[in-house]
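Shown next as structure tokens: one chain only, the form predicted alone.
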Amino acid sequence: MTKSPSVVWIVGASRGIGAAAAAAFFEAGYAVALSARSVDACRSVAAGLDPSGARVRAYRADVADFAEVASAASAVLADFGRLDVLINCAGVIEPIARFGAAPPDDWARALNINLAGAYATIHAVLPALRASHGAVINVSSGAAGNPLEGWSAYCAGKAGLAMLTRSIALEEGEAGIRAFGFRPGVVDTEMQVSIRASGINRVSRLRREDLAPPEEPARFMVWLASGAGDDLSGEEIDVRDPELRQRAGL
């Protein structure tokens, strides 16, 4: 009898690190669920990996809408029957503005996406992750521990996400769930286009040729999901850490 593949749900998979992670997990033998606000973009990623749709499927899920997240989670579990890895990759950098100039509604929306959205997805699939002794990978940032001018919403959201990761590891570790805060470094994505255009802090002045390709953090996440890094559950893990890079084979 053929064993069914492990299943990963990548939230925020329409482009950038999420899309690269979809390819990396597919190549590693996983069945892959992709979601984002733009379901058409996710469908394009899915079709590029698996035109048959047997092992890769796309779903619409705006993480700022709890009901929509719950509906997507139900569809993923109905289609694949299980969930082994959840990757929270959805995020926004805007508003990029100094504290006094950031519109309060935009500031709150950023936290809703970057922090509450991750809570919503974890909450929606918690029973499935308990059943599989699964893993949660929250895509974090160095901004979780270091403030940057113009990024108060993003920094606050990622700092909260780091504590959410620790809380999941604390509360659900006995159920076999591992939770990781994953810092992918400065990666060549569309978010970096907005950052460079702002010119507001030192990150905006990095040259594009100095940015890492999204495939590198994607491979690292496959390693984390494999169980080889389970001793790191609850921690913030930086892809640039030399010891961890060696462990992950990068």
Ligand code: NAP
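Counting begins at 1, following the sequence as shown. A quick note: this is a predicted structure, and the numbers were derived from the prediction, not measured.
Quick note: we don't show the form predicted together with the named molecule, though the next part is all about it.
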Flag this candidate site as yes only if 16, 62 and 154 all have a heavy atom within 4.5 Å of the named molecule in the predicted bound form; otherwise mark no.
yes
Quick one: does residue 187 come within 4.5 Å of the named molecule in the predicted bound form, counting heavy atoms only?
yes
Spell out, yes or no, whether the shortest heavy atom distance between residue 140 and the named molecule in the predicted bound form is within 4.5 Å.
yes
My question is simply whether residue 44 lines the interface with the named molecule in the predicted bound form - judged by any non-hydrogen atom within 4.5 Å.
no
Look up in the predicted bound form whether residue 91 has a non-hydrogen atom within 4.5 angstroms of the named molecule, and give yes or no.
yes
Contacting member of 36, 225, 218, 33, with respect to the named molecule in the predicted bound form [4.5 Å, heavy atom]
36
Give me the residue from 159, 77, 97, 113 that has a heavy atom within 4.5 Å of the named molecule in the predicted bound form.
113
Given a 4.5 Å cut-off on heavy atoms, tell me which of 83-91, 127-135, 99-107, 171-179 is the interface stretch with the named molecule in the predicted bound form.
83-91
Along 219-246, which positions have a non-hydrogen atom within 4.5 Å of the named molecule in the predicted bound form?
none
